[in-house]
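In the structure tokens that follow, a single protein chain appears in two forms: structure 1, then structure 2.
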Structure 1
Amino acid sequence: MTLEQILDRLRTDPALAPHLTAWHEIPARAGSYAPLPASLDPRLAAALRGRGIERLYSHQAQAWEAVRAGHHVVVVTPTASGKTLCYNLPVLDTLLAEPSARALYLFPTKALSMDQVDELLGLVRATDAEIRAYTYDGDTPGDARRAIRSAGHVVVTNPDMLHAAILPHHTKWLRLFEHLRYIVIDELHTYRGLFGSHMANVVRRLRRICRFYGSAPQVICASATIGNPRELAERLLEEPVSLVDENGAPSGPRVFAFYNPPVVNRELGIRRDALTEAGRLAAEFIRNRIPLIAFARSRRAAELLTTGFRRAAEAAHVPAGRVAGYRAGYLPSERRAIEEGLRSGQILAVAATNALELGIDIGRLRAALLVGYPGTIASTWQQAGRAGRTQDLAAAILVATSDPLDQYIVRHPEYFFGRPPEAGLVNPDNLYVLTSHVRCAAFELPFDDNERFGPSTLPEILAYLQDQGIVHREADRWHYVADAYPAQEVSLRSASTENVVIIDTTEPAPRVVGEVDLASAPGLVHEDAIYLHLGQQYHVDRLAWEERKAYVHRVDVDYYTTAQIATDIRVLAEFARGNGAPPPAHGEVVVTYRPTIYKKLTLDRHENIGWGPIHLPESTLHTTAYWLTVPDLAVPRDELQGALVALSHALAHVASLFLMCDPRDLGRAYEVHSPHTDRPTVYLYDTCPGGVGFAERLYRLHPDVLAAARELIAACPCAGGCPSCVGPVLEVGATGKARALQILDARLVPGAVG
């Protein structure tokens, strides 16, 4: 069957059609064009024509003019709209005229860096010019690094390498910084939350070093659709930015459908498993050789999908090598082989995490399956846009899980299709983040007394670092005096810079098969866990926590494992308290995590077939939280606890709609009797150290969040609670749903927040 026939069957099949909650058709769109700029270097114009590019899209021409006028620029257009030329043209045009000039390209992932270098070099070769572009990342050999520092016209890297390997050694990069004309920051929308807050400080350090060497580079940003592109770019650069957001690229027709799996237990509100339903849909695409990408919300889910893909491929007589998984934790050689297979068309179907969400060229995919709502409107469109990079018909299908956020979206498709993408939030002045980058900046260059680095709190931070023996003030300058190399201790993407290496001992010669970050290790590679990698199961024999190594061997079993982590919370300081009785508040908290048990779940039906204890140390997180106290209820303690579980479940998922954050960026906890408030209390907290502003924003949005939570619960057809609203009835109790509604009704009164 063709894609058109598959979609027609989806709409008409009695077993599938009733579960479609949205069918959104996007017609083909004609392009808007402009002639090649008259000021463009003739060699570059000839190279473009040699590639069949006789004219530019209108947004490419607009970006050219803005850059030529000397502005910092942010270009915001959809996937596959030619954003790459928006920065490659002005950069290459300048390098052709000024061979001594330099450019620095920043991409959030190594895979994207490699892909973009190939694109850039293809254009360079067509000009027959001596322009050298190199990737500089953790896989770059030592000899090549020396050549790049001295001869690279365009250095392509990622924020992590810039932070830890380039800025601290800027004296080795003299030629780059003295002649740096352009900084390109691609995939701007990824720099939000904790990662974005770190990135803003890396940019502060980068521009500080540029000033030291006498350069003032222009910055060109490119982004997928986001609600506040200019604001986010200006927050990162701390300077005015010109916005280019009128897309001139043509596009083919698209269909975007929402599919809500059928209810299999109406009393408990349990729906058919989303992974199972996605596997059934994917099998249809695989059987008919329709190139497909499926996005899963977690590494484990991506591996389970990969297993399902392989079974579907075997049934359809498709070679096993034509389906693959893709996620963080794979070895670099494995990831690159999969990327090349997608580009060449050798790989027909891939199950991935959001690691493939970004703009890497992954071939002519026709369909995208999103297994679970990605967490934001922007990410959803980005993942859907990975299919349909040609003018042919493309399709995206969101398969909802029982998660409350998923259910809210599929029951309110107008929310998704009728609203603009969310705004990206960063807080570069977060004290935890800022202080770590002041340390790094002091290592790179001494601070002057009158120097600015972010907010006006720099003198206090330097004084604190002096008390810690990290910097020393002499005359009017602050010098770094500690022995430690500070950038190595600061991870841009998580609370820890450490990973746990996974070692396969099946064969006589042990080999590394992957790695997981330290925060995820207790849930993924505890002893007796089943770790999934490239569709293969591994039993964890031993987790050497202090050594950061997990020793595993290959197994073939019909189950996987999932861990449970107990959470405790304590208020350290209250920053603000609203009006109302009782009032909401936000402040500083410490959260303690303690791994407890793991469950064994069958691969096909995800049924619980056993459990075991986890023996690992607890960990703590200092962060910020928003909390809601509950009016006194004359109910037994177990009913009150069920009500708090129900309320926290609904609030945590709905709250992420009001923030541009993944639901996992927010933690939740409750106390039947809080030592701080002296009442039953529900907490929502930032899951990154120090917080990035989510808690304060939720405090300000308090009435809206409560109203949305009430609507979610009231609209759910279940009798006493289910995963789609307040959580399973077995967790919240028979009265949990009703009590949660009672609490929300009591709180939704005028003047609830001041």
Structure 2
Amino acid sequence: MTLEQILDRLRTDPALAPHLTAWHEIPARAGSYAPLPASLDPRLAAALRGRGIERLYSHQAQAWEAVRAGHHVVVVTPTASGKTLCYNLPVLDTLLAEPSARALYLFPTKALSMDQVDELLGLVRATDAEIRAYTYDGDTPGDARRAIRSAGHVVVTNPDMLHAAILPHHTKWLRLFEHLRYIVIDELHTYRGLFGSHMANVVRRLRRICRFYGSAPQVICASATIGNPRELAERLLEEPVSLVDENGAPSGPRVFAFYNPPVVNRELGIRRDALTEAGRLAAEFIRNRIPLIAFARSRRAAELLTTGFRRAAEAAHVPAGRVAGYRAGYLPSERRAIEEGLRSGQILAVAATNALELGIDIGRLRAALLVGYPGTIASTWQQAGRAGRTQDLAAAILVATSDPLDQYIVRHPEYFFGRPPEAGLVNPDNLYVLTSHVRCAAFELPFDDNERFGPSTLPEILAYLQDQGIVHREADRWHYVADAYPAQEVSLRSASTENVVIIDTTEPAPRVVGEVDLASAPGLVHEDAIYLHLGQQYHVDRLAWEERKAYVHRVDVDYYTTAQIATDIRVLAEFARGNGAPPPAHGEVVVTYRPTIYKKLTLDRHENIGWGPIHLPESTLHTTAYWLTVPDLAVPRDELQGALVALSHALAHVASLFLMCDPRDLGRAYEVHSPHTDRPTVYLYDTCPGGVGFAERLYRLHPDVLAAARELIAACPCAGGCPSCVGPVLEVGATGKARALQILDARLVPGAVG
């Protein structure tokens, strides 16, 4: 069967068709082209022609013009639309004309930088010029580092290396910084949330160092589709940025379908397993030799899919070598071989995690299966975009799991298709993030009194650092005087560098099985907890809190544990309060966690078979929160409590949808009677100390979030609550779901409350 025939069957098969909740056809699009720019260096033009490029896509030509005009630029186009040429062209053109010029390329991951260096070098070789491009990362050997520092025209690295190895040693990189003409920031969309907030400060430090060496590099950003590329770029650069977002690359017709597996247990809201359903669809593609990529949300799921692929291949007499898995944890050489196999068509089907989502070149396939909603509209489009060639028909199918987000999306396709992708949020002025980087920046160069670094609070922060013995003010300068290398203590990717290490003592030789971050540790690895890792149960024998170590041994028991952590929230300051009665608000809060007891629940029926106390110190979190005051329902207290739990569950999940964040980045709390609002109140707070901007955004999106939460609950077929909407009945009580809906309905009708 051809792909067309498979799709036809899918739509008409009575066993499948009813579960298709969306069938979205995207017509073919012709390309839009522009001639090679007249001002392009003839060597570069010849090199392009030699590689079969006679003309540019219109967005490449626009990017060229914008860069030539001296603007910072952000280019936003889909996967495989020739984005890299948008920056490689102006950079190489400058390097050909001025051999002393330098460029710095930043990619969020190592694998990507390797790919990009290869591509850049391919083009360089074709020009026959002496231009050297190197990756500089943790794997670069010592003697090569010296060569790169003095002779690399293009230095390709990642933000973490820039932050911890290059900027603190900027004097060794004199040649780079003195002559730096371009900074390329690819995969801009990954710099959001906490990572983006750190990145914005790394960029502040980078440009501060450039100023010291007398250079003022132009920045070229490239991004996959997000809702606010220009805003995000401008927040990172703190200067105006030109936007290039009209894609000129052609594409063939595409179909995007949503498939919601049938319900098998209505009471509990359980659906047929998404992995099994996806495996069945994949077998159809493999049997018909349709090149396919499947995305799973976890490594384990990717492995299970791969196993399914192998079986399908065997049944269809496809050689086993033509199907593969791809995830983090594979060796780089293995990954390379798979990428090459996909490009050449040697590999027919691959089951991957989002490790393959980013800009790695694997050619273009004909079908994409998304097993579970990837979490954001933006990554959904990126993953779906892996299928789609310039002419032929391509198909993407999203298979939903029973997660609340998945269920919301597949039941509201209009939300997904009708909405621009999420905005990338950053908060470069998060006090903790900012203070960390002020400290790093002071290490790099003394601060002058009249210098600016982010917001106007700089003098206060420096005065604070002086109190801490980190900087010393003398005349009008602040000098770094501490005996420490500050970048080492600041991780760009997490708020806390502290983890609890889990040590398995089953065998005589203890073995580290994993880590949990400090904040989650009290709930997961308290003494007598059952900790799950890769499907294996471990009993926690001892949690050495001060040493950050949990000692466990392997067990096989028929129960799991769940910790009760009392969360207290206190409003410190209210930044804004909306209209309406009573109004939503956002502000600064302090959250206190106090682990109390744990319960043992049976694996099969979740029955309570025992409990025990948890003896751990309480911890606090200073952050920002959005809160919502609930009208007093005239119901008993425990019913009200159930309603608040239900409401916060649904709100937190839809909120993560709007915020483009992991649901774990949002904490939730409620108070039956809040001393601050004097009413029942539900809080959603940023789990990163200081906040990365979620609270303010939620405050602004308030009506949308409420409407989406209402839709999620109302459309869920379960009776009294399930994990897909408000959480299990066990947690919300018999009336929780109904009461939550009642609250939302009341709130959505203006004037109905108060």
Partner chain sequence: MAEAFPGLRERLAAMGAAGRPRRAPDDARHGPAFEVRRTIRPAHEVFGPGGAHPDDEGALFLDTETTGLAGGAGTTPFLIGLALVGRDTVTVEQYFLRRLAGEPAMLAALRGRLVAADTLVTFNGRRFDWPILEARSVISRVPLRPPPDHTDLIGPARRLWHRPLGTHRLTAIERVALGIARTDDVDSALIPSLYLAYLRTGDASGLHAVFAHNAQDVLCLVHLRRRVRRWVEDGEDPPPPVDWEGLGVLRQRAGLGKAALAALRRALANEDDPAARWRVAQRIARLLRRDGRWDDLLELWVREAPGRGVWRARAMVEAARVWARRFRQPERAVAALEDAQAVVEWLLATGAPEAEALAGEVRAHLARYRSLLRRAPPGQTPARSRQPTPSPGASGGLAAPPGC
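For the two forms, the rigid core is made up of the largest set of C-alpha atoms that agree within 1.5 Å on superposition. Note that the structure is a prediction, hence the values are computed from the model and not measured. Throughout, residue numbering runs from 1 along the sequence of structure 1.
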| query | finding |
| --- | --- |
| Pair member that is the form predicted alone | 1 |
| Rigid-core frame, C-alpha of residue 444, shift of 2 angstroms or more between structures 1 and 2 | no |
| Core-superposed comparison between structures 1 and 2, residue 700 Cα displacement 2 Å or beyond | yes |
| Did residue 455 shift 2 Å or more between structures 1 and 2, C-alpha, core superposed | no |
| C-alpha positional change at residue 730 between structures 1 and 2 - rigid core reference, Å | 4.1 |
| Cα shift between structures 1 and 2 at residue 12, which is computed once both forms share a superposed rigid core (Å) | 3.8 |
